[in-house]
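So this first bit is one chain, no partners, the form predicted alone, shown in structure tokens.
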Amino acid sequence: MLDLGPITLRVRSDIPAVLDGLMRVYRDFPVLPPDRFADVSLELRHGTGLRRFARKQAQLFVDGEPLFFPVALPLAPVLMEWGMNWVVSLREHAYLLVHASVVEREGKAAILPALPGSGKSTLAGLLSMSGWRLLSDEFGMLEVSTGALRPFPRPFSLKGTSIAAVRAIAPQMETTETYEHPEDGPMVLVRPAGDAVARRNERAEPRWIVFPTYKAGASLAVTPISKTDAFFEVQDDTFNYFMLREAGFEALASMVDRCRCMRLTYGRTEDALSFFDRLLAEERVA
């Protein structure tokens, strides 16, 4: 059982690839006694019948019940991450859950909500290897009671050409083996920095909402957007806003009110990294 910060995770599996993935990218997280309560309990098993021997598959179970369709056996570690995302999105309602990457520096956090394929995970990963702390690649966990962002620094995924792009800038990056996703192509899970894991209980103040878009060959462009537009766009990227009702509205409105809101388009990662450093420098003199 692992202490991930906002949740404790129990994993059971008879699939060697799951253990290998855990050892590669979760090894910095504290291991808890097996009799401790677990917020999330996942079990990954071999497929049954012929699928245990031919075109081998993995099946995920949550609280003893199957979740999702089985996947090809090598994708079992990725299936574990999908299952955790699903359980957290349905259960962790002490937080307004925003689908976004979140990074922090000097106590100030940048929230990066974006559509799939926008490059937010790649950008957040690069920032986490350039002096910023990764709070999360999947969930912006905004505490309803305090308005602070709760870290959830799990391994993050890179796909396709992003793998080589990040590795070129951060050759020290540690990953799982490369998995072949049937739709997205090659992908890896990246081990979060040890500092991010050690500070997994250290909250951050929301300060920027940046909607990033990567376009090959594009010059850096920053467009401020109104807080009203930012509110509704972030609302569309939440998992539980409507379930939280008034508390969700108040939490989101307060977060947006405290943030500078903008769109970022870039074609070179160096430009994007420099832009975030400028945001921090401006904050220091504000």
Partner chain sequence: MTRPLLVRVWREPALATQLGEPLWEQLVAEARRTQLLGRLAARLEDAGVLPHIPRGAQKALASERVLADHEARVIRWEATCLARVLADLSDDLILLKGAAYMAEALQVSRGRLSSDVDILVPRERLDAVEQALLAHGWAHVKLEPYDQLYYRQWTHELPPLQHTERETFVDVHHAILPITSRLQPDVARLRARARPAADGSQWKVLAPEHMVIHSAVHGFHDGELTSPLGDILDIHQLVAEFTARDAAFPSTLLEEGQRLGVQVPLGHALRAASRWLGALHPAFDPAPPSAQARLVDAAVDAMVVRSLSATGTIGTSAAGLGLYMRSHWLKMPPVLLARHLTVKLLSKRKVTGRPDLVGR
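Positions refer to the first chain, counted from 1. Predicted, not measured: the structure shown is a model, and the values here were computed from it.
Although it is not shown, the form predicted in complex with the partner chain is what the next lines describe.
Taken together, 10, 82 and 184 are fully in contact with the partner chain in the model of the complex: each brings a heavy atom within 4.5 Å. Using a 4.5 Å cutoff between non-hydrogen atoms, residue 133 does not count as a contact of the partner chain in the model of the complex. At the 4.5 Å threshold, heavy atoms of residue 66 reach the partner chain in the model of the complex.
The shortest heavy atom separation between residue 26 and the partner chain in the model of the complex exceeds 4.5 Å. Although the partner is absent here, residue 167 is not a contact residue: none of its heavy atoms lies within 4.5 angstroms of the partner chain in the model of the complex.
A heavy atom within 4.5 Å of the partner chain in the model of the complex is found for exactly one of 200, 108, 99, 191: 99.
Heavy atoms within 4.5 Å of the partner chain in the model of the complex are found in one stretch of 191-199, 205-213, 168-176, 83-91, which is 83-91. Residues of 27-43 that come within 4.5 Å of the partner chain in the model of the complex, judged by any heavy atom, are 35, 36, 37, 38, 39, 41 in sequence order.
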